[in-house]
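Encoded as structure tokens, the following chain is the form predicted on its own, with no partner shown.
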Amino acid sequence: MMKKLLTIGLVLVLALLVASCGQSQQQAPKAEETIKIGVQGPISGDWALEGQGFVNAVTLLAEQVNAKGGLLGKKIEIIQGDDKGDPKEASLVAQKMVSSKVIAVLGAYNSSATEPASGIYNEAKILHITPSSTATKLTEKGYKLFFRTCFLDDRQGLFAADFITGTLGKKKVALIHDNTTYAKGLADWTKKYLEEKGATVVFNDAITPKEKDFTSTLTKVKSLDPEVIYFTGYFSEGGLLVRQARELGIKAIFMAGDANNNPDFVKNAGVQAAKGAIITTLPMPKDLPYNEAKQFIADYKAKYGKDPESIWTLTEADAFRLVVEAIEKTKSTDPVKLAEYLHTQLKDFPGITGPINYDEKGDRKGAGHTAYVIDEKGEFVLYKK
């Protein structure tokens, strides 16, 4: 009887082991079945147009790659992370991406959100490419897996200073920022280059993001009688600033940095107040001369029924295309190998936003800023002197 019981017990144990092995095989991590790529940005909130553009761009391109069989025999799976543009939310999104076992993350939108996320991705050895975070300090941390498809604040600051003193011929400037990583950095670089060119910065101070009334700051600015006001924050405040400046009778030329290259800038300002405002930025999607841009815009419109509304939608698309390029060339999904390829072997990649090359920090070489003026219809048109 005892032998029978032992035999039955052994059979049960073996059956359980077999079942357990079979179950573990059936429940193998999905990460082995797909190539996971994260998209991080403000999918909701004040900057949702930008984050939704990120998602649209990457979804479109991933579908195209998957329709051709995917990469290395696997389909691409997109993992979305809504950080709302908030640094604390950005850290939570980054932790989610790590848990999801993504090999790369494309984002965030704003430098204040990208900064905390970048440390988490660096620690986890995840390839990280931001399409729009331009703060110079982000690539001074020595992270080997961090890249951008945008250009830096120092280059935009130089362009703005050249434009103000050269094209406009003005020398008396007020700078307004919002103390965020991006805005403060752009204001500091612009101040440096303005002063090198003999201009006088009569005001350089911050507003508080998400406030609605900037009368106090603008009243101080008005008393200093600047020829140009250059706002380096985001469109949600930029539109309100130009409207209130006009209501106060400020006659100075109103300029703003590339975070104001957004249709909501005009909506917040009203067409009458926005008219004549000048935005320093990368070219609008419609003005890019590259065949890759024309094809992407056509595909985007066919899928979503409208043109891309932001240049950052296109730089996000370029970030995705760089990941695909690196995977195809290295035959690997190892983030370290992908980063090494981008650092050492990528040359004149035909980006949607122009040729892409990287320096040793992971910064995109070159510069591509231009200026737009808002016309009487509220449209962004290339500035012509």
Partner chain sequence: MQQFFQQLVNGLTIGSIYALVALGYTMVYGILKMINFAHGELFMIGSFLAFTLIVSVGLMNIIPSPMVGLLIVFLFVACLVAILGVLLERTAYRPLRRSTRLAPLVSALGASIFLQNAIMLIYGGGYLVFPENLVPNINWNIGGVNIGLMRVLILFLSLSLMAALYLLVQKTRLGAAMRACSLDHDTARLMGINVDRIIALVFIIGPALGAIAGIMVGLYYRQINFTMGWAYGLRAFTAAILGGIGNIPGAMVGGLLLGVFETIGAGYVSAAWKDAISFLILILILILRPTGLLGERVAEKV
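Given the structure is predicted, the values throughout are model-derived calculations rather than measurements. Residue numbers count along the first chain shown, from 1.
Although not depicted, the form predicted together with the partner chain is the subject of the following passage.
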query: Full three-residue contact with the partner chain in the predicted complex, heavy atom 4.5 Å, for K84, T134 and D154; finding: no
query: Among the candidates V228, A269, I76, I278, the residue which, in the predicted complex, approaches the partner chain to within 4.5 Å (heavy atoms); finding: A269
query: Position in contact with the partner chain when the complex is considered in the predicted complex, options Q80, S100, T165, Q244, heavy atoms within 4.5 Å; finding: Q244
query: Region of this chain that lies against the partner chain in the predicted complex, out of 113-121, 67-75, 134-142, 235-243 [heavy atom, 4.5 Å]; finding: 235-243
query: Close approach of T217 to the partner chain in the predicted complex, 4.5 Å, heavy atom; finding: yes
query: Exercise: G249 in contact with the partner chain in the predicted complex, heavy atom 4.5 Å; finding: yes
query: Contact of V202 with the partner chain in the predicted complex (heavy atom, 4.5 Å); finding: no
query: The partner chain contact in the predicted complex: K96, any heavy atom under 4.5 Å; finding: no
query: Those residues of 199-218 which, in the predicted complex, come within 4.5 Å of the partner chain by heavy atom; finding: D205, A206, T208, K210, E211, K212, D213, T215, S216, T217
